[in-house]
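Take a look at this single chain in structure tokens; it is the form predicted alone.
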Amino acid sequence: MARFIFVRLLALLPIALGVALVAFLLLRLVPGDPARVILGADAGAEDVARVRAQLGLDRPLAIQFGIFVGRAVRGDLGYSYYFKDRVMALILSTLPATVELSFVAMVAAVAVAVPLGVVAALRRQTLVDYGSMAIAVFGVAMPPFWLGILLIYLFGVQLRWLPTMGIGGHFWTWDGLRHMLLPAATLGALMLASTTRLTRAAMLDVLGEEYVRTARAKGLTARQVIYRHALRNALIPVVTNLGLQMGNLLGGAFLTETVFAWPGIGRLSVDAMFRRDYPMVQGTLLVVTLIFLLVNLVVDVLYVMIDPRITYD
């Protein structure tokens, strides 16, 4: 296991380098000059050239990328053009808010989706099954930013039950939980939908297996058969899906945090994109990519804990 983890960690390096290169090149293809954004539309050509030289934007792209990679290896992601601070410091100050929001959204989605998928599989072709699948289709079809706007209008504007902007503290406090509910529901809707559908499909597959029929023939209770034998084996594809859905959570956080004015890394990155803040955008994308890769490594390790038959020797 230790060798497997070490090899996977080494494999993160070329992936992170590729993501950094793609982000670097795409940012240069987007119209707009950071120097002119900083100085304003009325700035003269000499002033723009001077600022470009100060920022290093007048150098060849290969040299610019080499400088960025060399600094990133040392943990230095550069200096933000707009926010006037170290990129790494800004990311570390906003990342906890995004991690907290993503964690609450994921836990809430799994806590609802897995039991709902199990019940839908056990009550196949009933109103419970049709209702759970309707919820799943709604969650997959509804874009996060549009769902967020609808929740704001309903619970914030019309009913005035919940705050719609900002953060009120940690989620274990009452004010923090009230501020967390709407963005977490928006962010977790897609994960809830996909996890419900996958849990239902996986349970239907394992309920017909011989070991489930044997467990029933041995006189085990329905709860023991479902949760000890059927669900545990059905969790393998569900856990895989959760690892993949972390990418959707982190990507959805960019829009969700913007809609709800949530002070996380997603909103920070969106603000940087509008202001052509190259170091900030590159830094946030690189950090988000590394988080996603590490989460998938954790998912692979969880396979062994769920099913002892799986080994990486």
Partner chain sequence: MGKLEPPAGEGRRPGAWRRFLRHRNAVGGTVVILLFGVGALVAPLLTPYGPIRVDLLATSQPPGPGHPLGTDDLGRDLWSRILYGGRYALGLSLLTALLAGAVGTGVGVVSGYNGGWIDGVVMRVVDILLAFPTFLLGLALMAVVGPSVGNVVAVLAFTRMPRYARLLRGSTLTLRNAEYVTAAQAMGASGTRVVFRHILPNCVAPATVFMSLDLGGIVTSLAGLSFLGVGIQPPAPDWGVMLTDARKFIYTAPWIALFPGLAITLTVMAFNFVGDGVRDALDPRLRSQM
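Positions refer to the first chain, counted from 1. Because the structure is predicted, anything quoted here is derived from the model rather than measured. In this text, the rigid core denotes the largest set of C-alpha atoms whose superposition between the two forms falls within 1.5 Å.
Missing here is the form predicted together with its partner chain; even so, the following discussion is about that form.
Only one listed stretch (86 to 94, 170 to 178, 152 to 160, 72 to 80) carries heavy atoms within 4.5 Å of its partner chain in the predicted bound form, and that stretch is 152 to 160. Contact with its partner chain in the predicted bound form, judged by any heavy atom within 4.5 Å, is made by just one of Val37, Ala43, Leu55, Leu285: Leu285.
Of the residues Tyr211, Phe103, Phe145, Tyr227, just one reaches its partner chain in the predicted bound form with a heavy atom at 4.5 Å or closer; this is Phe145. Interface residue remark: Gly251 is counted as part of the site for its partner chain in the predicted bound form, having a heavy atom within 4.5 Å. Interface membership of Phe138, defined by any non-hydrogen atom within 4.5 Å of its partner chain in the predicted bound form, is confirmed. Taking non-hydrogen atoms only, Ile67 never approaches its partner chain to within 4.5 angstroms in the predicted bound form. None of the heavy atoms of Ala62 is located within 4.5 Å of its partner chain in the predicted bound form. Although its partner chain is omitted here, in the predicted bound form none of Leu9, Arg200 and Pro263 has a heavy atom within 4.5 Å of it. The partner is not shown here, but in the predicted bound form the stretch 262 to 301 reaches within 4.5 angstroms of its partner chain through a heavy atom at Val270, Met273, Phe274, Tyr278, Val281, Leu285, Val288, Thr289, Phe292, Leu293. Core-superposed comparison between this form and the one not shown: the Cα of Ala16 travels 2 Å or more. In summary, the C-alpha positions of Phe65 and Ala272 diverge in the predicted bound form, ending up at least 3 angstroms farther from each other than in this conformation. Panel note: the distance between the CA atoms of Met88 and Leu26 is smaller in the predicted bound form than in this form, the difference being 3 Å or more.
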